[in-house]
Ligand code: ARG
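Next up is one chain by itself, shown in structure tokens, the form predicted alone.
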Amino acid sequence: MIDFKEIIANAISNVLQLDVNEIKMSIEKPKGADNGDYAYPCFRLAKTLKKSPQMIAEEIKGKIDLDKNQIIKVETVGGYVNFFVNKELLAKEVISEISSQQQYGSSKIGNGKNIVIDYSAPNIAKQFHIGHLRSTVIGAALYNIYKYLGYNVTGINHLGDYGTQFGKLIEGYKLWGDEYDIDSNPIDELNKIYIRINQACKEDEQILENCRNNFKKLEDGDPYCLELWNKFKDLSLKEFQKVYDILGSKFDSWNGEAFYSDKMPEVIEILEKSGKLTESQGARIIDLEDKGINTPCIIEKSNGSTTYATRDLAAIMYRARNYDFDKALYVTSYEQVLHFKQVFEVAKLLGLDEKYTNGLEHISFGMVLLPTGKMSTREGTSVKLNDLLDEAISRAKAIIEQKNPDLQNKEDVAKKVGVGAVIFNDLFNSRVKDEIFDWDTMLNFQGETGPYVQYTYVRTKSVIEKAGGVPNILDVDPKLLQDEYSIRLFKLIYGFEDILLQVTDKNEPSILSRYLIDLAKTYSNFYNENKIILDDKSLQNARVFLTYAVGQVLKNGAELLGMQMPEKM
């Protein structure tokens, strides 16, 4: 497909003798159609070229050489150069591309590049609660989108299957195991033990010390502790899989923290040789004050047991060697910002190529909040994710029963709508914002929601069915689709790949979510302003094909976010 931005950037580069890629990155989409389809701001060039932005804009306009069949007009407004593309050519390009590929918007831009995404990562023997939802769906969306753009992606579920909490669970099981039936209801029963042992630790320092010693025994291979740990893990994974099946989540690796237990000695040895590993109050630390980080990174605790940081450093070394990553993304809450600052800084001491340490990125996100405030597994105030998803499906089914009681496959549609609503709600706002869960908002079929996107897609399917199917591309005339509502749709559809590139540039799925809402709203305007089923078959064919194009992009985009699209609602 013609890359209008590339054409404009090359033409400007020939005038100013500047780097094409830098120019291309600076080209913007104007807010109003009156200002064209693309705009190049000249303000940053004023100091370098020692001219006013207006003068630079006029110079570009006067000297630029563009194919009038592609760019029909160039104007200047203040310090901007505005470009107007040939709308008929735009329509023709989109129609051609949509008809020739099912995966419209996909790319080979990532070919040869490896991306590792660490996401979801629930803690074994704890409830898979609503707080894990964000990591799971943000990570899955990024996984899908990077893959769609041609990257080789490895999705890792870095399970929380190691650490002091297992020392606590083992101690709790020793004390009260006979009181709980963990085989029939593992997560709930283990969670009760966990809450109870935490309370006991607050009241008795000796119990807390016993818990710490249990974890050290686990690290040292104590048979009893290992047997309990494996039991807790196996039971937990079976429960987690039920949630992953509902969400459609898949992973390429399930290597959790325990996988790196035999790989940590090498990390400690390398850090010892670096001369940076020092002792502090019986623990071994890396001081990072010279890097602007006031809190030291603890590598070994005073009792000799390791830390999250040690295991994350071992994971970085393993992933660099086995996946040769260009980027390694860690999708966790903003509460772990300090942890990853420390780990990424210490990773520079491991002797790895700069390619790997430069590729480490923490993709932080805000918390999911209850109306009463923050959740805590430790305090027993969390909401189980499978309960939440079941509730979403139940509420969606109730809405369907009310709006369309004769709908076939109601159970399947309710699952797609309910789960899709939860996923879309989580991905609609910027990931760094905290999210307050609101059923009425997320299941609204008229708002900026997943059900609205699904409803619009179903409407496109209904139009196509009434028209007797998708018309042959040879019967589609782009000249008949030059009204403002059609052109708005073509511009949005044309920009789909660019939207996906923006998502990966900022690791921000909400860019795609908001785009899908814009596309759905714009189609609604088109639908309301243009009659589609007509006596004029040429015009009908054109409008039905545009409807088909909208449906394809809505479906592709929603599936990249992790949603499934119903065919009827």
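Computed from a predicted structure; not experimentally measured. Numbering starts at 1 and follows the sequence shown.
Although not depicted, the form predicted in complex with the named molecule is the subject of the following passage.
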Check your understanding: Looking at the named molecule in the predicted bound form, do all three of Ala121, His158 and Phe340 come within 4.5 Å of it through at least one heavy atom?
Key -> yes
From Lys416, Arg431, His132, Lys168: within 4.5 Å of the named molecule in the predicted bound form by heavy atoms is His132
Heavy atom within 4.5 Å of the named molecule in the predicted bound form, from candidates Gln336, Asn230, Asn472, Asn294, belongs to Gln336
Even though the named molecule is not shown here, does Tyr308 get within 4.5 Å of it in the predicted bound form, heavy atoms only?
-> yes
Thr332 versus the named molecule, in the predicted bound form: is there a non-hydrogen atom within 4.5 Å? yes
Only one of 200-208, 482-490, 347-355, 121-129 has residues with a heavy atom within 4.5 Å of the named molecule in the predicted bound form, and that stretch is 121-129
